[in-house]
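Let's start with one chain on its own, the form predicted on its own, as structure tokens.
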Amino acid sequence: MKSNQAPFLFSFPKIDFSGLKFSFFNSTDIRFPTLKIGRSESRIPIIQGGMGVGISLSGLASAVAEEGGIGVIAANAIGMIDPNYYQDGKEANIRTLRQEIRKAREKGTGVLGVNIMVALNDFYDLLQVSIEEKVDIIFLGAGLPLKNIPLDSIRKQKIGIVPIVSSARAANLIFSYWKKNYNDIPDAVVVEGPKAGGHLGFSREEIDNPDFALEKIIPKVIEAVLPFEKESGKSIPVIAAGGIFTGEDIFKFLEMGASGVQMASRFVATHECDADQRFKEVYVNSNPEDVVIISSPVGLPGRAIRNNFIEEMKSDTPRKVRCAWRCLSHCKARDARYCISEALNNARQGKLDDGYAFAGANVARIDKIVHVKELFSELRQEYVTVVENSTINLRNEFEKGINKLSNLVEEYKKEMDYRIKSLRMEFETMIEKGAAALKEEYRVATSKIERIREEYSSHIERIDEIKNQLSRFFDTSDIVLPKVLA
């Protein structure tokens, strides 16, 4: 008689642990995360910063894009490379920007962007050219892009739009204004810290203040855009910029929550950079003490490499200011006794006696000129090294977890095969005679199996969590974890 038979509740899925392979731990498989901005996606999360006047044109931008990064043409005063600039500077800018975008497209594939300064008097003209030429991404810096942004036209051409800010407050202001007035928001935001080259969105006192370091600003901007992400249902990448030099720097900011980085100075010291060789050599030959903060004619502090021209501008020596047109309404060229666009354009051509080079805080660390391909390879190797070092503990924990799961499975099998089955048979034959002690032993055995199952489940959850963490650096798609014990 088998009345009141205890139900047999446990079953064990067949799992072949020998089939699990962990090839994704090999350094050759470590990969950069991709960077998606709007409808464009780059294989490498590196944006080449827009550098004017004429430093990042079609040559550099197309080379970066071809290697998997985001190449950027700088639009400000781009017409100065045109011999007719001083006849009609505004038209020269429009004409040259269009030519450089088309040349970049002809040279190669990849994600191509244009950087436009909001403060320019021809901002809307340059913006319109970028829209007409259907660039992939437009970066808006040097001012708050609020009024009269032609978002309908931008969206129609499926162009990504990205403001450049230096604070969470500025990011929140732009996103809030766009949401209210355009019912739209930017596709990403670049956060430029005080170690950047060129004009800085900080006061002189803030530049060396640790409270304004990029590491402090990035988390605040991420927090500021999070509500807009949630409301819109789309990802808003936050890009770290300013002083980023190595693959280790890239890893650090990705770990902080940034989706990518913007680098500029490193790309100057490449053969593909559009500047004169003598300009690039200024970078290679610079020392830490050569990097200075100057007062720019546009009324902002700027980081540059000290030379005779900068020292001369501190004296009372007069220089003739030649201005093709008033490209910036708040420019103080006559007070400064020189046109900054002309000074930067002279430097670009290697005429360093009549101009100077803007550069980032780490420019003195550059010791050679390389190809863009070599630079990306170096950055990747540095990134791989830090990923390997940082994931050692995770990988060890993952492998120990798998071994622990295997041991739990064996323990589970043993209990199932030798305890529950035998106890149930004995229980069934003795049930009518009364077997309180046997019932208790059965209960203890089943409790033990439940404990094993719960421990197994806990390990599976932890290993799955580690797998997700590792998936940022390795391809874990081939790793299929066993199911929880039934």
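Worth saying up front: this structure is predicted, and the values here are computed from it rather than measured. Start at 1 with the first residue shown and count on from there.
The protein also exists as the form predicted in complex with a small molecule; that form is not presented, and the subsequent description refers to it.
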### Summary
Note: the small molecule not shown here; in the predicted bound form, the stretch from 256 to 264, 377 to 385, 151 to 159, 307 to 315 having heavy atoms within 4.5 Å of it is 256 to 264
## Note on the structure
Assert contact residue (the small molecule, in the predicted bound form, non-hydrogen atom within 4.5 Å, options 104, 359, 221, 78) equals 359
## Note on the structure
Heavy atom within 4.5 Å of the small molecule in the predicted bound form, from candidates 117, 165, 343, 135, belongs to 117
### Query
Do residue 100 and the small molecule share at least one heavy atom pair within 4.5 Å in the predicted bound form?
no
### Task
May I ask you to state whether residue 90 is within 4.5 Å of the small molecule in the predicted bound form, using heavy atom distances?
no
### Task
Decide whether residue 241 counts as a contact residue for the small molecule in the predicted bound form under a heavy atom distance cut-off of 4.5 Å.
yes
### Query
Taking the shortest heavy atom distance, is residue 52 within 4.5 Å of the small molecule in the predicted bound form?
yes
### Message
Whether 192, 195 and 283 jointly form a contact site for the small molecule in the predicted bound form is the question; each needs a heavy atom within 4.5 Å.
### Response
yes
